[in-house]
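Just the one chain here, the form predicted alone, laid out as structure tokens.
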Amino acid sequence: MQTAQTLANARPTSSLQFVPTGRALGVEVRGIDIRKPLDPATAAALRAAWHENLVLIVREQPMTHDEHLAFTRYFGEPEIARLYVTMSADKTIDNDKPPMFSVISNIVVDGKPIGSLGSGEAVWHTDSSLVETPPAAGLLHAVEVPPAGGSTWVLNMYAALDTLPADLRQQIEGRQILHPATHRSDGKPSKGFENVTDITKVPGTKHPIIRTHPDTGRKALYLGRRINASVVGMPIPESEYLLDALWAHATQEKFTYRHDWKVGDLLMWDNRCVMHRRDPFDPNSRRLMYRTQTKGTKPF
């Protein structure tokens, strides 16, 4: 785990500041223009702050796609966006954005959505936990924001595990969850899975319920998404009871930070130890976000 002393030693200048949110996770980065190339010491300081605080917040810095992508690379190798691949195949977006970008938007042009997720609520989830190697980092940048609503919540899964009652912790030691491929982050079924009724037959990927972070070595609760998830090797009624208890504990507000967006904001989370969700907003308002992700490793 990174320490406060590590952060202090890594800071190249006194102008770079890390201001805690005062919540269970998150730090606001000040005194830096992330649109410009970073020296190695600054990049190291940012990575250390990210590992320690799980979420980095940079306020009101509009950027180009090239600048966004360049900043992403300080934290890992950008991956091709799964939303880009899916929506391009469905011909619901124009292919005029770099393939590393997901477009998160409710805007419709000529009767066709330019992005995904619309204006409704996005439920608690971990990005792409249904695949063998989920992304490590998510970097979401605001281009247009509604006047109200649409806040993004992030959740500290280290803290959720550390405070888990002993009886629940004992029940999940060494166990795996099947992360289903049946639903999107807005809680709606994915194409082809509209009529799934048998949880035992849903497709997905198995991951440990307690995940070890590959960089910090810390343990986090790793739940993914709730709908159609199941504990591997456990009868479904018992699995449902256990998962309900885990989710009720993990999603307490004391483990969260809520980000109220301004144009130009960048919110970066560690997808290996953070879950996130979104509040709904007026569908007549416009919201436009671009997200990049970095390649991750198989959870262990």
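Just so it is clear, the model here is predicted, and its values are computed rather than measured. Residue numbers run from 1 along the displayed sequence.
Below: the form predicted in complex with a small molecule, not depicted.
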Discussion item. Quick one: R35, M63 and L266 and the small molecule in the predicted complex, is every residue within 4.5 Å by at least one heavy atom?
Written reply: no
Item to complete: Using a 4.5 Å heavy atom cut-off, state whether L117 contacts the small molecule in the predicted complex.
Response: yes
Worksheet entry | Residue contact check: R211 to the small molecule in the predicted complex, 4.5 Å heavy atom | no
Worksheet item: Are any of the heavy atoms in N106 no more than 4.5 Å from a heavy atom of the small molecule in the predicted complex?
Response: no
Discussion item. Can you tell me whether S129 touches the small molecule? I mean in the predicted complex, with a 4.5 angstroms heavy atom cut-off.
Written reply: no
Discussion item. Looking at heavy atoms inside 4.5 Å, which stretch does the small molecule contact in the predicted complex, given the options 121 to 129, 168 to 176, 215 to 223, 73 to 81?
Written reply: 121 to 129
Worksheet item: Using a 4.5 Å cut on heavy atoms, which of A229, V154, M157, L140 is close to the small molecule in the predicted complex?
Response: L140
